[in-house]
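The structure tokens that follow cover one protein chain in two forms, given apart as structure 1 and structure 2.
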Structure 1
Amino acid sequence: MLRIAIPNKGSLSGPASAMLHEAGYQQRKESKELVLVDPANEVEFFYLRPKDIAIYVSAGRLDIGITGEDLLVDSGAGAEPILPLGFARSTFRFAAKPGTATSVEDLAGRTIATSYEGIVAKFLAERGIDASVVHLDGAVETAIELGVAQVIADVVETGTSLRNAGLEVFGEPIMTSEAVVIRRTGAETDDPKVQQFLRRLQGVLVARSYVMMDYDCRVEHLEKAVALTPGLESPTVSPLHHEGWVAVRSMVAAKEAQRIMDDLYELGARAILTTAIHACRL
């Protein structure tokens, strides 16, 4: 069986399980379950702490895993991302008291507090910056006020928490991150079970990004309509009972669907419908 590591809690857990469910895999019903066997799909899922997943995968104990790219980098484990999953996106930034730092060069000689020591150490080493890094588990915003550090490095979403603590971000982002599928560095790339798993997840990503659009159109307007809905290869066009009309079906990007419907209506298309795509293979 394919052995896969899944986050057991936190912001990665729910979206990862939801994506796997959409991909046709069984998922646990109780949060206390640590192992779940899906015999129909020949997969065994192991629910682990997100920070530990890269370690298990790099050791070869598990074939692949889903974790945050930030956690992979922070672990320093011998594993690599093979598929971005589009959720749990985050950005890591430096922050300090206003006026005390404006660029990453100002980090030299400073002490930086963070929960992601591996990420920060890698960033500093790549730029040849000599600074001290202090590891804290959570609430790093208070480190400056308490004199533990002059700078913090943390996940920044809106920046509200930092502003409330009297801090402001500066310099370039340390890194951006999202959920990824990872494997051991150097592992075989053509394992059929792994490839099938990746195809299923890719199918979910496409299904979430596209809708199926159907509409009726006059033949004389067909070329302009098809230009609006080219599909992945080309749209399906079928004649209707009423002469001079055709039915068109095509995949369109979900975020563009409403605009395309408006343009089609202005072109004279009618009975314009969109339906969700639950699964696909391209």
Structure 2
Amino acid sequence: MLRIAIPNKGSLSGPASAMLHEAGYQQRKESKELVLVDPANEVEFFYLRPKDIAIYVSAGRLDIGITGEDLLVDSGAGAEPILPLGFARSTFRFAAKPGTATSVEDLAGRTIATSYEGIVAKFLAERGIDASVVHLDGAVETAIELGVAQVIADVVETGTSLRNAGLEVFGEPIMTSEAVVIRRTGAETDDPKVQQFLRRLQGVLVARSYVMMDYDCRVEHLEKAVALTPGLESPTVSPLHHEGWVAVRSMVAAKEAQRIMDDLYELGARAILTTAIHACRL
């Protein structure tokens, strides 16, 4: 059985479970379940606090986990990312009241409120900046207004929370982050069970970002049409009963599909269809 740590709460939890479900794994039906065994797929899911996942995985009793890159760095645990998952994308930044700080040099002597002391301490140590850090569990943006700190260091996505608190980012971004699959540093890379799990998730990522495109075109336009739809390997081209015409089938990036359909139509291609890909193994 592959033993996998999954976030039980917060921004990572819903999208992680949705991705696993799409990959064909059973997921828990109610949020109080702590462990779920999926015998058909030979995996066991442990629903853990996102901040703790890297610690569990580094301890070696769980094979892999899903967490945020920022949480992994913050934990300082001996685990490493092996597959980016494309959700929970964020940037970790310093922010303060406008006019009170413009660069990281202004951090010296200040108090910084954060839920991510590990990341902040590492950043300050690397730059030799002497500042105090106060830990808060959340709603860190309010710390300045309430006099707990002069600066915050927090996750920023849309910037709405900062704006609502009347704060502005300053200095370079401390790090960018997204959800990742992690494993213990130096763990077996070629464990077939881990490889199969990763292939399933990669299949979901591809199925989400590509569509299958089919169209008919005249043989003399084939080269130009295929240049628009080169596919991942090479398009499938089949003869049509109607002489001088071929049918072409190719994978296309979903976000480019409409533009490519326009260009194919201009070229004289017809019966241009796109269909969703539900699952794949490349």
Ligand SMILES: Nc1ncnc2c1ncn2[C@@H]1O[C@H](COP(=O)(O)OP(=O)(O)OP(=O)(O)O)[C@@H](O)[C@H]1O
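Definition used throughout: the rigid core is the maximal C-alpha set that superposes within 1.5 Å between two forms. All residue numbers here refer to structure 1's sequence, counted from 1. All figures in this text were calculated on a predicted structure; none of them were measured in a lab.
The chain appears twice here, and it is structure 1 that represents the form predicted on its own. Core-superposed comparison between the two structures: CA of Lys193 displaced by less than 2 Å.
In a rigid-core overlay of the protein, Ala165 has its C-alpha displaced by at least 2 Å between the two structures. Once the core of the two forms is superposed, the Cα of Ala108 has moved 2.5 Å between the two structures.
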